[in-house]
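First, one chain by itself: the form predicted alone, in structure tokens.
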Amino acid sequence: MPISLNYVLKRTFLSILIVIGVIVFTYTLLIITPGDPAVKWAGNPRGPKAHEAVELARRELGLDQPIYIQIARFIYNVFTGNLGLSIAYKIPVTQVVYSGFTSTLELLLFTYILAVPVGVLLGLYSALRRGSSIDGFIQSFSVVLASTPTFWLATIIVLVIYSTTGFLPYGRVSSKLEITTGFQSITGFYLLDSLLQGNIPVFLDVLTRLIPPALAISVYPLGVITRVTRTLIAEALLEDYVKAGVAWGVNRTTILKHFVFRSIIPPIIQTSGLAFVYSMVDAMVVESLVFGRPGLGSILLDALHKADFRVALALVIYLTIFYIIVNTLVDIIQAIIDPRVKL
């Protein structure tokens, strides 16, 4: 078996330590920043009894306790799945985060569905013509893509689309179209929900608003995957087993498909997984500040603006857990695909 019990226990223990460390650091940072969550919880009271209302709210939130007790209590709540109510919205914190997570994840998944195949094809094309001017251009272009500021590119894309078509790709779906067609969110993934309901107008509208931010976010993974694929294929083509296949007259397509591609799949999966988590930050910035999409970015900004430390903490914790899960899954998939890897 490529996955051992020792790996599972070790990975779980280290993951718990990482989550605890993130909780301690983030909780301390949020508590010492300006803004009083108790005031927001009390409803921004005014008048002679405002101070009493704030103090009562502080006791209800547990903010009157020493900070080490607050942190210990919050760690316990995290591992028991009880993060409480949002200070700003008065609904469960998990519900607030999930509403934005599905939007951001939908954008990321769509981005990588575009970026990974294109990056692999460009890398393959470049490797097969290594040393040529086309190879040099693709390598230079991939460096430019990986280094392009996503926020700047997203702004340019919006300006170009609006100036040429008059369409502003703002939000996830047209509210007017949502009402007139009776669209209802089922899973939180609008593309999937519109298809499940057979609502083609909403599907096309969601897709139209999804493509521009996806193009902006895709530049980083596209550039990285292109360069990694080109390097891996160029190295694989110099291996002895490939040279032997050529010498024996094996078809070029067969060599690429059954020998070269099989050897590069594990590192491509690992690279894509790491880039996927990194792109989460890009997606949060682009979707909220440029395209006005409700997602994790807008929830985080709103939580910081309204001193909703519970939502802000939950976001950081869930993103940490998401990072750990993605990296673990990538390692497991790599071990399953490549028998040389043992976990």
Partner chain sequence: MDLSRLIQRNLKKTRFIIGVVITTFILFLALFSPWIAPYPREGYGYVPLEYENRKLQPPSLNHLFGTDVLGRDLFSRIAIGASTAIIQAFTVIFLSLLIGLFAGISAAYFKGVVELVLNYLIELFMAIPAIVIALFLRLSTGPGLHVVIISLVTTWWAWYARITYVYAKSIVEMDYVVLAKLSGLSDLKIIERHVLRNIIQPITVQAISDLGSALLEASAINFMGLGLPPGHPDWGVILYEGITSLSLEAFIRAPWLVVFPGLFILITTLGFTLIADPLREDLDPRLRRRWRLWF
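Numbering follows the first chain given and starts at 1. C-alpha atoms forming the largest set that superposes within 1.5 Å between two forms make up the rigid core. All values derive from a computational prediction rather than experimental measurement.
Not on display, but discussed next: the form predicted in complex with its partner chain.
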Task: Answer range among 243-251, 206-214, 192-200, 109-117 for contact with its partner chain, defined in the model of the complex as heavy atoms within 4.5 Å - done: 243-251
Task: Option touching its partner chain, based on a heavy atom within 4.5 Å in the model of the complex, out of 94, 174, 155, 102 - done: 155
Open item on the list: Give me the residue from 184, 82, 147, 165 that has a heavy atom within 4.5 Å of its partner chain in the model of the complex.
Closed with: 147
Open item on the list: Given that its partner chain is not shown alongside this chain, does residue 316 nevertheless sit within 4.5 Å of it in the model of the complex, heavy atom to heavy atom?
Closed with: yes
TODO: Spell out, yes or no, whether the shortest heavy atom distance between residue 285 and its partner chain in the model of the complex is within 4.5 Å.
DONE: yes
Task: Distance check, residue 151 to its partner chain in the model of the complex, heavy atom within 4.5 Å - done: yes
Task: Contact test in the model of the complex: residue 231 vs its partner chain, heavy atoms, 4.5 Å - done: yes
- [ ] Taking its partner chain as it sits in the model of the complex, which residues of 110-146 have a non-hydrogen atom within 4.5 Å of it? Please list them.
- [x] 128, 130, 143, 144, 146
Task: Rigid-core frame, C-alpha of residue 26, shift of 2 angstroms or more between this form and the one not shown - done: yes
TODO: Answer yes if the CA of residue 16 moves 2 Å or more between this form and the one not shown after aligning the rigid core, and no otherwise.
DONE: yes
